[in-house]
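Only one chain comes next, encoded as structure tokens, the form predicted on its own.
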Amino acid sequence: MLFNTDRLVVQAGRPVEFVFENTDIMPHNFVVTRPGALAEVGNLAETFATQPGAAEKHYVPPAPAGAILLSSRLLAPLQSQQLRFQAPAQPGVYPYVCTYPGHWRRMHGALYVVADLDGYLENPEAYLAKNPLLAQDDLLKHIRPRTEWKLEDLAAAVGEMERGGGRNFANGRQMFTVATCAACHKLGGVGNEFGPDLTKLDTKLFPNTTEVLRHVLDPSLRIEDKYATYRLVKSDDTVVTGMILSEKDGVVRVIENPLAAATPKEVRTADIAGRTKGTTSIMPRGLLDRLSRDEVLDLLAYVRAAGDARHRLFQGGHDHHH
């Protein structure tokens, strides 16, 4: 649920070809909007997702004229599409986003349209200092270099936190939304209940915060059966991928994307030619990559404390302001 790059750079007014490949386990699309329209298009997509015909429109919502400049098909896993595009003549920061339900707040990037591509490539920082391009979309203003956090990078700090507390409750609660945990988990009255209840973490599986961190960094380390994804291949070679909600009376009810809050798809058992249980969690890797060390620790404390501001992890020490 991330584009593999946060920034693409093209020459203003020149033709460009994007090769969009879906290497994820869930469907995605690629939509370019005018500057300032990211949230507008994202919110329209969420409303549109539950309406008849949304799937046929590849979950690209109807939007005001000029708001959407380019859109792909909705690509299933392992599919790809070539998209030819005439870059805008006006330099600026143009958002690109996946408008599949529930994805836009996390899966977005910035298309930098520059007047002199050679000058930019020669020295990006110097070019932008001389020719500033300011993002009009709030989500793009906070794009920062990613840190591919590993357990060994954070283990010592987590141990210190366990002993000394001192984390920032308000920031941890905010990071619960920023890191998109709230998309599938509910905690502190915020979020959805598509994943495990974080107020009832199994103390045998999660005896300490380090184990919570381990499973956030590697969501596929352990997948409960009821949250596993299945790939159903129908006799007509179409594929349905998602969580199985129920199977009875010759019908399998599958939720392809719980974030869409849509009616589960029903597949007749007799029409299923093959069924494979996935080994990859629907929870994406890299949820912490855009967070700083302190933000990660505040988030872990918030989850470990089950959203309780009185927990010892928030006592003592000093507040961390971000």
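Heads up: residue numbers just count along the shown sequence, starting at 1. Under this definition, the rigid core comprises the largest set of C-alpha atoms superposing within 1.5 Å between the forms. Bear in mind that the values here come from a model prediction, so they are computed numbers and not experimental data.
Only in words, not in the display: the form predicted in complex with a small molecule, which the text now covers.
A heavy atom within 4.5 Å of the small molecule in the predicted complex is found for one listed residue only; from G188, P196, P91, G165, this is P196.
In terms of contact with the small molecule in the predicted complex, the residue from L75, V212, V240, A87 that brings a heavy atom within 4.5 Å is V212. For the three marked residues, V216, I282 and L299, a heavy atom of each sits within 4.5 Å of the small molecule in the predicted complex. Within this chain, D116 is remote from the site of the small molecule in the predicted complex, having no heavy atom within 4.5 Å. Taking the partner from elsewhere, L133 is found to have every heavy atom lying beyond 4.5 Å of the small molecule in the predicted complex. Under a 4.5 angstroms non-hydrogen atom cutoff, the small molecule in the predicted complex lacks Q174 among its neighbouring residues.
Proximity of T180 to the small molecule in the predicted complex: non-hydrogen atoms within 4.5 Å are present. Only one segment in the set 197-205, 165-173, 151-159, 116-124 has any non-hydrogen atom within 4.5 angstroms of the small molecule in the predicted complex, and it is 197-205. Relative to the superposed core, G172 undergoes a Cα shift smaller than 2 Å between this form and the one not shown.
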